[in-house]
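To begin, one chain is listed below as structure tokens, in the form predicted on its own.
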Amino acid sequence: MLNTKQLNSIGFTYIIGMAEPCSPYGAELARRPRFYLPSDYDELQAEFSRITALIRMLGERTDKFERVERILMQFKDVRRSIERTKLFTLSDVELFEFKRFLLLMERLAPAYADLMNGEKLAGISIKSFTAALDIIDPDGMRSMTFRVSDRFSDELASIRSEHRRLDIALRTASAEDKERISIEITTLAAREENEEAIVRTQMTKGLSKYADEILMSVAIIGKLDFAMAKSRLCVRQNGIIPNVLPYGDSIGFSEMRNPFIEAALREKGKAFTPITIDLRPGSTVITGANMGGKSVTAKTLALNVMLGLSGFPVFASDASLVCLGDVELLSEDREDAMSGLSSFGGEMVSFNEMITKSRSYNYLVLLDEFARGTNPHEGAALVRAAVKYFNDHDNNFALITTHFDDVAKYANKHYQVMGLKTADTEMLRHALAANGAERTGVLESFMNYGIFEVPKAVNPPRDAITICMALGIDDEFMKLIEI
């Protein structure tokens, strides 16, 4: 599975952060998004059915959708207090928070029913707990305050009545009587505190009978809130719900995007080039020169596959996935598998772990410029071997990006990055001449980071020399280059 650094690099953490659940229960799910395994297929489909329905409701019943969100915003995390009812007596503060939770449930249940309008979301049932609320609010005032009520105890009612009488008497008493009345009030206060403790214990015991059921409702609230946040994200970022199959022979995306990279490019006044790609079991190779965008394709694919298999919308015009046991990305963003190893040594140890996994279950492997840390002759041999290996173990999907020759001919599919193929060389030359100090930025603006399928026997494009010439690398040096 991708590590934290890689999840940040591909934009997964960025996207998860854009989903903004309203309640602490939904926020907790967002902090630890779930990766659905093949055995979880039905649960993944249920999540997508919830999001799909909520997207429609967001458009058709916006006011009702937002009413539910406003109520969810008011919830606090009371799970610890709910659990404590089983073993301890709750304090006044805890009882107040418990009462507040139950009052919010009284509001949420009808608001949710109004939003659903007779429809049902898989696994979501919101109910109020009137009987539990009556325990904590026997007066039926339903106010957002808490005080141990006289209704709980005749003894408590009698003590408080006497306390009030003495308070009134104290105001008009003589100096001699005031001392006596003050002592009586102190005694009553101690009796009142003791009786309140008894009532809180009885109240807590009564609430404990509902604890497990309420905790289940808390989990359901979190699930609803998280699904609502995903639906908003999908609409806001123009995402789609992918078609996910329990098994199959294709992972495909049309006009796939990466909002994380899009945002970075937008700050530079540039646009993201959508990517269309179709992976078949075995090896798919993308070739292209450095600066050509191969890593962008690998990261964008990793992002959208991770999102789709984590129950999130994906960013494409069309998307189809199969359930996988894991997703692995081997790139410069991965931390070395063992401390003290060179970057190449760490890369190979990590790759060996991937090979071991590939024999156990199906998963997606992304090798971005694999074996870049050794000499080109051996590096190319290692990449060719990787392509052949994953073709022989075609229960997995492998995407391998490289600029080495004679690699793609062993793959099932071969894509190339457009690079400078579509650039007007004369316009590029003039632009570079006019922006000598900003040549790298100019060159990037002429790059086409889209990919296209080519025959397997085609070698990577020879853009490196073109790039050097375009950047105005020293003429004397350039004349010494032999190809």
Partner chain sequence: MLYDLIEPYNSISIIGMCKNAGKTTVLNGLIGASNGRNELIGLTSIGRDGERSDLVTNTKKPEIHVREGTLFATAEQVISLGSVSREILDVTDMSTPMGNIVLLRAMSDGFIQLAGPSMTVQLREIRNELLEFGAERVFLDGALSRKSLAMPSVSSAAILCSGASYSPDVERTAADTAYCARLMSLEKTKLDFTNAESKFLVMEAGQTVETAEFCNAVDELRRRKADALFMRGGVTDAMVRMLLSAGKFHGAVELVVEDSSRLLISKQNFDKLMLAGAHFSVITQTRLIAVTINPFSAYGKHYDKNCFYDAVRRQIPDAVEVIDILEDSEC
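Between two forms, the rigid core is the largest collection of C-alphas that superpose within 1.5 Å. Positions refer to the first chain, counted from 1. This one's a predicted model, so the numbers in the text were calculated from it and none came from an experiment.
Although not depicted, the form predicted in complex with its partner chain is the subject of the following passage.
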Self-check item: Proximity to its partner chain in the model of the complex (heavy atom, within 4.5 Å), stretch among 91-99, 406-414, 356-364, 230-238
Solution: 91-99
Exercise. Kindly confirm or deny that R257, L265 and D318 each have some heavy atom within 4.5 angstroms of its partner chain in the model of the complex.
Key: no
Quiz item: Ok, R160, R180, R191, H393: which has a heavy atom sitting within 4.5 Å of its partner chain in the model of the complex?
Solution: R160
Quiz item: in the model of the complex, which of the listed residues (T145, N352, N117, S174) lies with a heavy atom within 4.5 Å of its partner chain?
Solution: T145
Quiz prompt | Contact flag, K86 vs its partner chain in the model of the complex, heavy atom cut 4.5 Å | solution = no
Exercise. Tell me, yes or no, whether D212 is in contact with its partner chain in the model of the complex, where a contact means a heavy atom of each within 4.5 Å.
Key: no
Quiz item: At the 4.5 Å heavy atom threshold, is R151 in contact with its partner chain in the model of the complex?
Solution: no
Quiz item: Looking in the model of the complex, any heavy atom of E196 within 4.5 Å of its partner chain?
Solution: yes
Practice problem: State yes or no: after fitting on the rigid core, is the Cα displacement of S182 between the shown form and the other one at least 2 Å? | Solution: yes
